[in-house]
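One chain comes next, on its own, written out as structure tokens in the form predicted alone.
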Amino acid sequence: MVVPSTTPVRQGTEAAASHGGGIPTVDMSAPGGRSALSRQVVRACAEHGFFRAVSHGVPPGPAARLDAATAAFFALAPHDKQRAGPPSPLGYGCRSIGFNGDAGELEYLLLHASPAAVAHRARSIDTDDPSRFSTVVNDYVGAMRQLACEILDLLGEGLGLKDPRSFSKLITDTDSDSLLRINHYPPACTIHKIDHDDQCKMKSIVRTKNGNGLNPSAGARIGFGEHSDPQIISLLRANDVNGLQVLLPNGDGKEVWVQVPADPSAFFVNVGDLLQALTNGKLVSVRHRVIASACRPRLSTIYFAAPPLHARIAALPETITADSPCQYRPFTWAEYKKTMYSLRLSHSRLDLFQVGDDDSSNVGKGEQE
């Protein structure tokens, strides 16, 4: 069942209450039956674009092994880690995010989720035994793909799609462009001590103003700046260190940053830009960020479920009605990805694909292929 927290949300320049006001929890074991579960998942994604999945059935083994492998990698000397970089955009990166000047207080590994790509990158990540790292990553990706497909099929059922597997088929295609990102946020109280090279200098970013006019509290650092995920859906798991915040509307119609309580046993599910476009805006791509303020390291792993580059993204016919005309023009994932890489992290890129008054008549129920 969906259990929204009743913790009140505070407005202003600081993040919202630490107990995560308004963030829904979904029990994936379906105590009320599958039909009820599908409706609950749709409601969470439509109202919040985000939910905490518990009783999800994913065994702890793959996650524990991946955590151990990546923790060992991030503990290496800087010159050893840099063999897996610089990110282009895949590989090892430190502080720099993307190609347009965005930066955060983190280091990371960004991997394509295909076994061949993982095997190639593993040679520079685990030089002693690359196959060991590949096996760990592939096991985790397999578990994440299965959970993502289950959630997407529930969304298809809850939305009443003619083919409830319309979404999951996109990410199970052999040419899927799904990614795995592992973020390591060093302890905020020791960031000044890890200026170990020109590539990775963790400097304080105090009271940084984002595009919504909201600031983290004084002394906080932007671990990963405000953004939405461009893919279809994202599954995030982290250790027991807080930092993740989502931007949600409050009762007064204003947007406030809500602190997401850490829960290493749960998965946090984000609606991505493509899913918002596929559902004609019925499901919303949530904006989120990470604030680096803890004196313990934060390790998070995100599986980004994406279609093949050639996949054509258009609103499904069932989501278009006279009262809800098509909001976005059709595009390919390759086109959207190219646009994404040309913009800053916080840009609302989906706005660039909105249907204008002059072309709305050319976009209709038959666009999805």
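Just so you know, these numbers come straight off a predicted model, no measurement behind them. A residue's number is simply how far along the shown sequence it sits, counting from 1.
There is another form of the same protein, the form predicted in complex with a small molecule; it is not shown, and what comes next is about it.
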Handout entry: Listed residue (R43, R344, R329, R65) with a non-hydrogen atom within 4.5 angstroms of the small molecule in the predicted bound form
Key = R344
Practice task
Please pick, from D139, D263, D102, E150, the one residue with any non-hydrogen atom lying within 4.5 angstroms of the small molecule in the predicted bound form.
Solution key: D102
Exercise for the section: Consider R181 of the chain shown here, and say whether it contacts the small molecule in the predicted bound form, taking contact as heavy atoms within 4.5 Å. Expected result: yes
Exercise for the section: Report whether the minimum heavy atom distance between S285 and the small molecule in the predicted bound form is within 4.5 Å. Expected result: no
Handout entry: Heavy atom of F224 within 4.5 Å of the small molecule in the predicted bound form
Key = yes
Practice task
Please run the contact check for A119 against the small molecule in the predicted bound form: heavy atoms, 4.5 angstroms, yes or no?
Solution key: no
Practice task
Work out which of the listed stretches, 72 to 80, 254 to 262, 173 to 181, 158 to 166, brings a heavy atom within 4.5 angstroms of the small molecule in the predicted bound form.
Solution key: 173 to 181
